[in-house]
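Taking the form predicted alone, here's one chain by itself in structure tokens.
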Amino acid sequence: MIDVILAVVGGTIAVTIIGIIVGLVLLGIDRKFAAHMQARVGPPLRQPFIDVAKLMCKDSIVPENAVVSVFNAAPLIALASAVTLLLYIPIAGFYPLFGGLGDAILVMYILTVPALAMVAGGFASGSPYATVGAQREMVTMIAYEFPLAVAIVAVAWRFSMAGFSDPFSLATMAGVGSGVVVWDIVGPLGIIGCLILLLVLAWVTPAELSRVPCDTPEAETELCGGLVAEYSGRNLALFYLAGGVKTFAMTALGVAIFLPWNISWFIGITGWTALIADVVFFLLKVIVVMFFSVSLIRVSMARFRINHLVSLYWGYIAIAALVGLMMIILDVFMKGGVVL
């Protein structure tokens, strides 16, 4: 029993450290991508580490009319919940640390916690800018949650129809153990449906991360930072870390569901060489997903107005998700029911 507890604690600490480091590296790579697409040199890749270190050295100023306990607790909750996501998501073909204790539905719930923590912190700050930002964040969450749920549930339903005993497990979707992924069990219509759902998840990602063009809750030019307008020092650093870790978790989720393959079996290597190759290949896939779902979109588009954002996700993105779901359903019926 003690060994199990120590293993879980040690694994959680390791995942936390890895998540923070990879998350900050991804933020640095994203800034480099954006700079080069805008014909700029951009900051060095280590800039997020420099920013966090600088913020950690500064005091956190608490507004006079803030609810102090909630104001200070919100950044910790945001970071802790972002790290918790990584405990349920398969990384580089490894079974997640908490894989047997939750599934895709739980992950969708946990995805909302960092945003809710920011909402609570915004309201607790007492700033009118943060209050407007918190209201926008709640509206944005309501808008993107439906297409996200449809995309994940559609894949889980297809695994269920294929006869898998635990279809909502992310380890099942990633083919951990079985080696079977969603692309192996769908036909032509199912492939089209999965491609549509992949695009849906790519468009949900910037909204989940509050990145341009879905950064209406912060909107520096309108709300002076919105949700984090009153945050500084260590508290702001924790929010920044939470954003980096959530970026890693969100892109890793997309890789686990739709791009879960390892490269070692393809090039025929085993042992430690295969492990290193699979980890590097996984990180490359995460970077590619981040480029198309975060960097490319935020450089190509201006910020949405909040009403346009809601119309986009409740309208076009939701319809696209439902079309992808219907394509997968039709694919099953055309194959005559359960396929394994």
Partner chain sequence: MAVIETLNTGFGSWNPLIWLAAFIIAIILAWFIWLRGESDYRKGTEQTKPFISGNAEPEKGEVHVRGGNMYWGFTNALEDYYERLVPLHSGILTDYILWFLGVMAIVMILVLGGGLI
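Positions refer to the first chain, counted from 1. Remember, predicted model here, so these are calculated numbers, not experimental data.
What comes next is about the form predicted together with its partner chain, which does not appear here.
When contacts are judged by a 4.5 Å heavy atom cut-off, Pro63 counts as touching its partner chain in the model of the complex.
Its partner chain is not drawn, but in the model of the complex it has a heavy atom within 4.5 Å of Lys58. Put simply, Ile77 is close to its partner chain in the model of the complex: some heavy atom of it is within 4.5 Å. At a distance threshold of 4.5 angstroms between non-hydrogen atoms, Ile20 is in contact with its partner chain in the model of the complex. Put simply, of Gly175, Gly187, Pro213, Gly126 only one has a heavy atom within 4.5 Å of its partner chain in the model of the complex, and it is Gly126.
Among Val132, Val180, Leu259, Ala149, the residue placing a heavy atom within 4.5 Å of its partner chain in the model of the complex is Val132. Only one segment in the set 246-254, 104-112, 259-267, 200-208 has residues whose heavy atoms sit within 4.5 Å of its partner chain in the model of the complex; it is 104-112. Contacts of stretch 1-22 with its partner chain in the model of the complex, defined by any heavy atom lying within 4.5 Å, are made by Met1, Val4, Val8, Val9, Thr12, Ile13, Thr16, Ile20, listed in sequence order.
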